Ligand SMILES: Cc1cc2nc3c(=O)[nH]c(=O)nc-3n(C[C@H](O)[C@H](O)[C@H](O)COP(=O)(O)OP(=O)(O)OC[C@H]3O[C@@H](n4cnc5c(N)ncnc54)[C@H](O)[C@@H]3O)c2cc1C
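Quick heads-up: it's one chain on its own, the form predicted alone, in structure tokens.
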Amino acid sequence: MKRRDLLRLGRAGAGKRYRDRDEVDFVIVGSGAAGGVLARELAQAGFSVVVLEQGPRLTEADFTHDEYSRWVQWSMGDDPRDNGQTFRRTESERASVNPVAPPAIYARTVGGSSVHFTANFWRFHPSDFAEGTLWGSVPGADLVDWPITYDELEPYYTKVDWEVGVSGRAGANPYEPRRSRPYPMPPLPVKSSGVLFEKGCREMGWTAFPAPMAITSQPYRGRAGCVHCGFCMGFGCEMRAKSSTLVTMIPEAESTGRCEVRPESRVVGVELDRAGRTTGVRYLDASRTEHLQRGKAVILSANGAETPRLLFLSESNQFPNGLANSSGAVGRYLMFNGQTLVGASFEHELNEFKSVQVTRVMHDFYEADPERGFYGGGGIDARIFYHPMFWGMEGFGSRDDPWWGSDYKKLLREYPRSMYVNGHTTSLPVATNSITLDPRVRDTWGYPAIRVTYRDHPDDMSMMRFLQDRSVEIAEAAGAKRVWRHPVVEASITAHLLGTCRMGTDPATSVIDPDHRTHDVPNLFICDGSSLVTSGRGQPTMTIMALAFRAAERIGERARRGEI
């Protein structure tokens, strides 16, 4: 099938149609960064696949640049009024609902959060996979090694580059880990923020390099190059330049004739037989009618909040504490990634509202350093961050600034001359940071709401303050006329949901094995952000996709050997 036909297929959502009573080889829950990859790989390997996605299937016509619709009305399906997530700092507190914004942000649509992510696309470094050994014990945390190494995952990182389409320049980052192949496309054009960030880094003796982005810098595999509209972070891409699974993996999965993507299908339970094996999943369709989709195996790729929630909803006499939770680790070790913001305004207009968020990144402080006196590392980039409406509402970051009248108008005029220096840091795996079911609050479908319990570790806060100090130095060295800090506070909202079904070799301390198979249920697999053992430095999507390519290969091999 020609690529233009694949694109047409992807827009229409056409493909194989199965009946609930048809037992398919794999039922995949979620169609995002992991689920979309798994669907394509397993369908191309000859297996029958049904992908169940709780949100609708959107097309280019549905993607707008309406900030109010996106962030106030939550048009990508993550409306807190429907889902009613609750939040608390500690397990002793009673969790409450924030009616304005959910603590766990994720898109409910075919393609998942890969549709609305910023597309900043770093690989993890070798150290990320061995921090337990390299750093040792951290009081109050459970920092351990992954059961796999960077070298094992590197071929799959490279596969992500070329299969979904990543723009960048190999070798430009002096701290870049080994890579077996260059990027398929050159980096996106540098913006004013990138030029100034590079100048500031150079003055400080640090190295800025072209940002790897999952956005096409030129036409690639039948998709258009970026037109620099400025609405990447939080928005769908009407040009199909952003390398979401919606426009890359899913059309190719459907073109095999073996994969059905079924939108508006909210999974509410995983079914087990008496032998302790999955037989399929229960889901609600758009009319809230319950169905059972049968499958020889089930793969949960619903994200680091929805996956543990589904395991808790699937409790039974066999698994009274939640499905696949004999270790007690389901939902625990939630990691958000830390973030800091430093604003800077300059003499001349930068017009940062145009084009992609990020064109330059710095990794000089990526590695944890004992001389700092605390655990943690991170990366820094330059960006606009706020779109116009939210700049007027939040962009100054300080209530000391005027919020009305002529002085406020003067501040608004700084928008075209301003940029942000954005820090991205590690988050330690802490057992009490968790996803559980709220015993008092239910969502609009009548099921227990997600309850988020989260408090940043003191080392996480120290690392954020350290990186914000470096960001101020960069902005000042770049010649900013005015520099301001957004307060470094404990996180209560995130789009990074990591670590809640961690990978490991010991069934007593982990949920899945290195092949993403649950220790407790032989034909139940988990692959999404919940699989991560450590948090990286703030850009997990590429690693989630690489893990999915690796998982699909290994799951397929097991299926062919009759081991599932």
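A residue's number is simply how far along the shown sequence it sits, counting from 1. Since the structure is predicted, the reported quantities are computational estimates derived from the model, not experimental observations.
As for the form predicted in complex with the ligand, it is not shown, yet the points below apply to it.
- Proximity of residue 500 to the ligand in the predicted complex: non-hydrogen atoms within 4.5 Å are absent; the residue sits far from the partner.
- Within 4.5 Å of any heavy atom of the ligand in the predicted complex lies no heavy atom of residue 526.
- Taking the partner from elsewhere, residue 536 is found to have every heavy atom lying beyond 4.5 Å of the ligand in the predicted complex.
- Among heavy atoms of residue 147, none comes within 4.5 Å of the ligand in the predicted complex.
- Only one of 158, 453, 468, 120 comes within 4.5 Å of the ligand in the predicted complex through a heavy atom, and that residue is 120.
- Of the listed positions (427, 303, 340, 418), a single one reaches within 4.5 angstroms of the ligand by any non-hydrogen atom in the predicted complex, namely 303.
- Screening 363-371, 265-273, 202-210, 407-415 for residues having heavy atoms within 4.5 Å of the ligand in the predicted complex returns a single hit, 265-273.
- In the predicted complex, no residue of 129-165 lies within 4.5 Å of the ligand by any heavy atom.
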